[in-house]
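Presented below, as structure tokens, is a lone chain in the form predicted alone.
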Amino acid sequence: MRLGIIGLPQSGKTTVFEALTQSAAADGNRQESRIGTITVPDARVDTLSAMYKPRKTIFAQVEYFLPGKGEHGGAKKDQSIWTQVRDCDALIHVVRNFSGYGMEAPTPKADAMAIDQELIISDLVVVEKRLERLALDERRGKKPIPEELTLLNRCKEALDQEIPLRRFPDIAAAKILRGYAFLSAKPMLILFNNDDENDDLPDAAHLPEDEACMVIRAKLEQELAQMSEDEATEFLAEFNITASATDRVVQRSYELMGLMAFFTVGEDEVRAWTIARDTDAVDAAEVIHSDIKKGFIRAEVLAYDDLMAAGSYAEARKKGTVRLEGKTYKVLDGDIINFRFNV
């Protein structure tokens, strides 16, 4: 999962990136793109690793991407920013909600809407160009795909009304539109970057409607990321931070994107795999390897909670909580799966 970090100048995007990835300030050109990969914290993986004592323990991972060069807004807008984040799975929109010397008072709702407008305009350009191309092809005798044409016209209608495409789940999830990588269709988490002493969301009147929002005190979290474990524990308590920004943002990102984890276990490896909710067993198998999907026979499934209740896999089998499922079984969060396949 790759999350692109966007926002207006001076919103604190770099500080947020460094807090989330626990990375130090970059040397050299600050305009260069930066990528940070972090481990997704999951106590269940720790427990399974302690139980199986494998040679390797592999947590799920999240990649944060901070696009380089160019700035958002007005005449300085650089479309290369949007090109860089088009392949991201979701966007983290950093919005300034802090004061500073020489800065105007923060206007979080207006700032959030300004970036949304840029996403909408960028998508509208793509849609209009494609519709023009389809109309030209039709005049030449090549008929468009009806589903694509219908969806593109719906996109244009929404974008003309300045409504981001993520508000329409069927459009955002449409397979036929995936190649367009519409920016306003991507799941978005708005991070309000607050002053050190402020842990509250802006007043309701200043929140964008129907958006996933949360607060981060990025400067504090950046300092926290550079501390030792003992220092961090004391720091968390002093500023009443119950969990690090990394943990909170990853958890909220998973919820926003409808993601979850299933596990594979054994003496060689305990591993978490990230999939979308409502994924069929055969498609979950493909996440591990395409050959497993191709030769899929059955999925041997044990719920994590059932394993904990039984105390061991063998005991769970005796209790009858280990079961065989077919291709269309909807994998659940925390399922421990052994895929049976033949290629």
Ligand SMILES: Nc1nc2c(ncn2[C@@H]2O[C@H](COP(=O)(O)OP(=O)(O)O)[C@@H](O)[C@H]2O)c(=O)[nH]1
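All residue numbers are counted from 1 along the displayed sequence. Computed from a predicted model, the values in this text were never measured in an experiment.
The same protein has a further form, the form predicted together with the named molecule, not shown here; the description that follows concerns it.
Peer 1: Classify Val270 as contacting or not contacting the named molecule in the predicted complex by the rule of any non-hydrogen atom within 4.5 angstroms, answering yes or no.
Peer 2: The answer is no: Val270 has no heavy atom within 4.5 Å of the named molecule.
Peer 1: With heavy atoms only and a cut-off of 4.5 Å, decide whether Glu138 touches the named molecule in the predicted complex.
Peer 2: Although the named molecule is absent here, Glu138 would stay clear of it in the predicted complex, with no heavy atoms inside 4.5 Å.
Peer 1: Residue-level question: is Pro9 within 4.5 Å of the named molecule in the predicted complex, judged on heavy atoms?
Peer 2: Pro9 belongs to the contact set for the named molecule.
Peer 1: Do Phe98 and the named molecule come within 4.5 Å of each other in the predicted complex, heavy atoms counted?
Peer 2: So Phe98 counts as contacting the named molecule.
Peer 1: Could you tell me if all three of Thr15, Asp195 and Ala218 have a heavy atom no more than 4.5 Å from the named molecule in the predicted complex?
Peer 2: Result yes, every residue of the spot touches the named molecule.
Peer 1: So if I measure heavy atom distances to the named molecule in the predicted complex, which of the stretches 129 to 137, 149 to 157, 186 to 194, 168 to 176 falls within 4.5 Å?
Peer 2: Residues of 186 to 194 come within 4.5 Å of the partner.
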